[in-house]
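Form predicted alone, single chain, as structure tokens, below.
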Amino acid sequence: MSEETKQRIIELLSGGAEVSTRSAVEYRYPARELPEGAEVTRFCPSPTGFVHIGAIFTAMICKRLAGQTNGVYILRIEDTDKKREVEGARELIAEQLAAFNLQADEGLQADGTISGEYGPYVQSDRRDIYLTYAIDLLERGRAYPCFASMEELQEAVKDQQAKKLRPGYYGEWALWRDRTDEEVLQALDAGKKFVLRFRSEGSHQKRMQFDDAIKGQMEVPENDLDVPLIKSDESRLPTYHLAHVVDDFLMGATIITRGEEWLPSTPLHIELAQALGIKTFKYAHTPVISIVGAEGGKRKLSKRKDPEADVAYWHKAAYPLKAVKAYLLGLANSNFEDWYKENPDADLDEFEFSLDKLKTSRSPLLDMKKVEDYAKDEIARMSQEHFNKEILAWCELHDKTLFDEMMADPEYTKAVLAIERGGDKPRKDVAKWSDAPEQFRYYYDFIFDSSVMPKAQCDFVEEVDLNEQSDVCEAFMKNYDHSADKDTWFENMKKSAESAGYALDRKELKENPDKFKGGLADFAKIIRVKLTGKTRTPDLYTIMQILGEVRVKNRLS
């Protein structure tokens, strides 16, 4: 390509503005002074919608690798796809990372400030830098303008499909790769739009090898695609392919940690780095988080199908995020769970994360039951003060009626929230703060009378008719002594059950089922439902002690 043609292309790419040289750009990004072995990692989300829980998984890995080696963890916003950008998404990314204690050393912070000296950390603010490197590729003969229309590109793909060939812009379907200067100048004179494309020197028939820090030794076909580097619209923003190679080089990234969906593009990115004279990066492609779908099969966690994919789901349900993060660490490293059991109160950053352990996590499975187990354990370990604070904070925001009832009698509420939380084996009913209404609302008379009991009675009457419920309550109250200790209370319960026609001995009930209305458990179940509207609760004696004599009598009358 002649110098005249190159200058015409450069002028159109830059809009006539002066473009920096590579040496001038690289002077602004000196080599980092870090200890030997320090990793510079980067997490690079696109602000195109909600934050995926898989992104938190990747960010966590990036932060751990950098933190354990006294390195640097960068947040870079990759916003070159302006058509898909969602307003406020970049701020949401920073806030969600901070919520999981994954705020970056460099880049956008949750408070809106920017940290670090290797920015800008938003790609749309780095347009002129990318033009410098795109023009450098043009000067090296490794880039060229492509004026192909969308229709022409679609026709090429149709032709490839008809011939059962791999689709893409390569070989004879690289329509502008070998055009003459005259043809290029004619297109420029006609004002046709163009993308700047990479001129690949690879062959899909040849194999190349690279070592992935997670996947291990990889052998894949070379890249032969002439991919776009600079878009054809007025923004002249780069594609991901050029942008990330330039950014990672200038920011001094030592390991490129990203989702395994980018694995097929790695030969292209290696070739791009080589074309720019940049040392090839070390890549680490993280596994995709899977879930067991409704149909029973294991599949990729989907933005469209699975609410759990959205980090907002975890916030809305109000899981303790330390527990969610702990679960993700368990997905990444199989030895984490044992460490966590041995060190339940330790800071999660004390766990020594290992990329080698991650290698065995081919397709980590999101198991919601196990997440809830982590969350229940985390909440059970909390101090009573912390637990109360979280429950009340959630109720104030999401269930004002329950909050007002709780605050009307703070001492009573303290007793309610403390039920069976002490001792060596605290009760583990609460997995997330949104469990509060289900676990505690029946203690409050207004809510119990207006919503809990009407629904419970409607359901329970199909099992036990109203007359029998009344007879059981009457029998219980004849022997009820609120001041009795637990053993005496239980003996009174048995007397009441026996007088009402319920068997105290399971064997006798089994041998003579027609002789009894049921067993002691059936009798107690009726009392439990009448008191709480639930069939499963903490210890019934303890509940009565907290409810108090007046409430017990009112509810069983």
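All figures in this text were calculated on a predicted structure; none of them were measured in a lab. Each residue number is its position in the shown sequence, starting from 1.
This next part talks about the form predicted in complex with a small molecule, which is not shown.
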Which of W262, F336, F460, F403 has a heavy atom within 4.5 Å of the small molecule in the model of the complex? W262
Among T266, T257, Q96, S200, which has at least one heavy atom within 4.5 Å of the small molecule in the model of the complex? T257
Is C44 near the small molecule? Define near as a heavy atom within 4.5 Å, in the model of the complex. yes
Would E78 count as touching the small molecule in the model of the complex under a 4.5 Å heavy atom rule? yes
Considering non-hydrogen atoms and a 4.5 Å limit, does the small molecule approach Y240 in the model of the complex? yes
Among 44-52, 525-533, 487-495, 506-514, the stretch whose residues bring a heavy atom within 4.5 Å of the small molecule in the model of the complex is 44-52
